[in-house]
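Below you will find one chain, with nothing else, as structure tokens; this is the form predicted alone, and questions on how it binds or moves follow later.
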Amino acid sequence: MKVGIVGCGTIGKIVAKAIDEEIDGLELTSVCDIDRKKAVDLIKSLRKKPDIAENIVQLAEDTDFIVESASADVVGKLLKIAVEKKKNVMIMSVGGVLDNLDLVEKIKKSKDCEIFFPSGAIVGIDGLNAARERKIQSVILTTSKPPQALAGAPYITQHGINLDSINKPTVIFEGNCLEAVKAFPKNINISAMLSIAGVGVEKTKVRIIADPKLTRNIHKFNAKGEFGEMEVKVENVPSPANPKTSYIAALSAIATLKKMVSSVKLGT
């Protein structure tokens, strides 16, 4: 299967290397990035050299399966390409899906292509998926991060929050998933994943804490429903190449690709 990667940053590099060295049945044939230098640098690190596509339309023409590891901004366009060209797509920037749920529904109905959502930086999605077969009453996510991990987020800028002045655990944000993704588009993709797997964007509650003592991102969610109650917590080690990216997010993409081509499927 010919694979293309859109976005040659931290996650894109890790996934590309895995395809190049670990995953039988997949061949990385094309990469694309708004910053061409990133694409060139990625190719240099690989044994098999994929082509550099000028844009995602060209990449789609040359591949069977597209991995998005760029940003929420390209998700809508990729979903449209999936529908029009009947391409299977893996989405890492899940927050970008929330403005394009109509396309997701269209893909569900057409059955001409598939969308894959790796669990990313959160765990417990398999349990939430199972719980959704009956009624889920509530899902509450609490994310704790070092203050500087939130730097540059629109919410921080708009509210004039001085992250350097935070000297104790401080609640920065409380709201629903839709509000959280708009406020922190690069920090809280996991809330979008939880909302898709669970009770939706408006009913999924989100709390973000800035804690100067932390060296890891901590995500904890609580869900209640007819199944009972679950509480899941994960402390994520940052990616060696980028402290803003949880290492397990890239690993979840690799695991999803391996599951896709494996004859043995683990988990829900």
Ligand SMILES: NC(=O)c1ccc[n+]([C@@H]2O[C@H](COP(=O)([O-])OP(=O)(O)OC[C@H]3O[C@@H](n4cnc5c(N)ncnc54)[C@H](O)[C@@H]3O)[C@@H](O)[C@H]2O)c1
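Since the structure is predicted, the reported quantities are computational estimates derived from the model, not experimental observations. Note that residue numbering follows the sequence shown and begins at 1.
Heads up, the form predicted in complex with the ligand isn't pictured, but that's what we're talking about next.
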The one residue among 172, 121, 125, 97 placing a heavy atom within 4.5 Å of the ligand in the predicted bound form is 121
Checking 88, 71, 176, 142 against the ligand in the predicted bound form, the residue with a non-hydrogen atom inside 4.5 angstroms turns out to be 71
Note to self: Each of 35, 38 and 242 having a non-hydrogen atom within 4.5 Å of the ligand in the predicted bound form: is that the case here?
What the structure shows: yes
For the ligand in the predicted bound form, the stretch among 227 to 235, 209 to 217, 62 to 70, 42 to 50 with residues bearing a heavy atom within 4.5 Å is 62 to 70
Q | in the predicted bound form, residue 8 touching the ligand (heavy atom, 4.5 Å) | A | yes
Exercise: residue 93 in contact with the ligand in the predicted bound form, heavy atom 4.5 Å
yes
Quick one: is residue 189 in contact with the ligand in the predicted bound form, heavy atoms, 4.5 Å cut-off?
-> yes
Item to check | 4.5 angstroms heavy atom contact with the ligand in the predicted bound form for residue 19 | outcome: no
Contacts from 200 to 221 to the ligand in the predicted bound form (any heavy atom within 4.5 Å), listed N to C, are none
